[in-house]
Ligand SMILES: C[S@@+](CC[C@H](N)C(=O)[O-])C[C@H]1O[C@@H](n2cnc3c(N)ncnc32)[C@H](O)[C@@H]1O
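Coming up is one lone chain in structure tokens, specifically the form predicted on its own.
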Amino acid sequence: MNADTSPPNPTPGPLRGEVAIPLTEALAMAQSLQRDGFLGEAESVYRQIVARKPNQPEALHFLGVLLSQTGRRDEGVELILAALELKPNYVDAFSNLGHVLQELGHLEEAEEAYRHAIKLDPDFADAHLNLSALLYECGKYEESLKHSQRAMEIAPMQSQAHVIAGEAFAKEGRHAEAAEAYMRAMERNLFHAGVHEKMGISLLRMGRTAEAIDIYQRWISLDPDNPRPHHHLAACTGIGVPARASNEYIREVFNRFAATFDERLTALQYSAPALVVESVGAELGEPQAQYAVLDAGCGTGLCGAGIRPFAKRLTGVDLSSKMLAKAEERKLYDELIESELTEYLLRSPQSFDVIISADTLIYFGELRSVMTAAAAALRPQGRFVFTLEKVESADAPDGFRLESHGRYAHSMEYIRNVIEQAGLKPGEITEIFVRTERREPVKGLLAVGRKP
């Protein structure tokens, strides 16, 4: 959203009855309440203003923004459009319209709104910044860079423009420039969310491990209770590598990415859900909606549409509440449960005919515990179909390795042994490509465990 540039507002007092003060003061009061997070009170004042003067474009605009903040985005769009009908050159409204449309997934319309704001005011930094973020999300990295750099020229102390530029440089494989952009972002805002992580990854991709370790240690000193820097530091140093990613790390990562998770994976040509469903079909034949199916680590439900035809009952389990909320929107699951996977499996003996898991076990190093729990949760003749990232046995003496990006990779031999030790019969374990990263395919494994 755009920064408000209105003059200082009076300290708001309690609101009772109708607004009896002039409309300009009432509008200033509502904006102040909105900025301070008193959204219910702000909405009440905006609605009183609109009731008194229905053609007040600022009140309509800011009420639309507020409704989008509280999840009522479709209503928000209608109000912002109404403001623009009254005030066609309202630059802030066009930029905020773009933001709300982007949140709704209407990316072409959002881009059009941002570009119109820039046409009205070529020096509007927020519009350039918003457009840059949208273009990055759409994979248009070169054009994203152009607008983030323009935002930097207009507002040199804006850290977010440097972060978006760094991300676009990284996607283009220009890691030295990405690291420089992230450093500039940190100079402007040392506590900018995620910038230390991005900086560390860029340094690692250039082979500058010692500098990445230093960045992660600095991040820990700034945010000692955050699980992410500890996890990345262990990946860099090989010291204190956990047997699996902590619950806190997984929640932090996936709650943060839930809103754009599907779009990000589409851009990476993510294939794991389709491959898992194809493997289930090869194991079970034509779908007849006869099985109790568990989507283990269901995330936003990317496997849901493909696996639903096999399921008499489809259950999803995940640690991230925000990912589960996205899965709920698909209306494909009979039940969605927020839980750690191994714990849930142990509570569900002989409950499922099929368990699928697309790229969930990449956050587990040692797999014996979760594999044993999955075997216990399967009914006789059940199937466990899952994907992993691959490492060669020679590079992982323990059978798995925590990679610098924070995910675990496993060897084919280790997977086969773990399946057998859990009391399952290994099916075919095949090498696959699960996604692209840095424009290179990521090697993975697709495995099947069969319960006698």
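Note that residue numbering begins at 1 and tracks the sequence as displayed. Only a predicted model underlies this, so the values are computations on that prediction, with no experimental measurement involved.
Omitted from view is the form predicted in complex with this ligand, to which the following refers.
This ligand contact in the model of the complex: residue 270, any heavy atom under 4.5 Å: Yes.
Consider residue 181 of the chain shown here, and say whether it contacts this ligand in the model of the complex, taking contact as heavy atoms within 4.5 Å. Looking in the model of the complex, residue contacts with this ligand do not include residue 181, since no heavy atom lies within 4.5 Å.
Could you tell me if residue 250 has a non-hydrogen atom within 4.5 Å of this ligand in the model of the complex? Residue 250: yes, in contact with this ligand in the model of the complex.
Heavy atoms within 4.5 Å of this ligand in the model of the complex: does residue 161 have any? So residue 161 does not count as contacting this ligand.
Within 4.5 angstroms, counting heavy atoms, which one of the listed stretches 102 to 110, 332 to 340, 151 to 159, 201 to 209 is next to this ligand in the model of the complex? Within 4.5 Å of the partner lies stretch 332 to 340.
Of 118, 319, 367, 345, the one that lies within 4.5 Å of this ligand in the model of the complex (heavy atoms): None of the others qualify; the residue that does is 319.
Of these, 360, 315, 95, 144, which has a heavy atom no more than 4.5 Å from this ligand in the model of the complex? Of 360, 315, 95, 144, the residue with a heavy atom within 4.5 Å of this ligand in the model of the complex is 360.
Are there residues in 297 to 313 with a heavy atom within 4.5 Å of this ligand in the model of the complex, and which are they, in order? Counting only heavy atoms within 4.5 Å of this ligand in the model of the complex, the contacting residues of 297 to 313 are 297, 298, 299, 302, 303.
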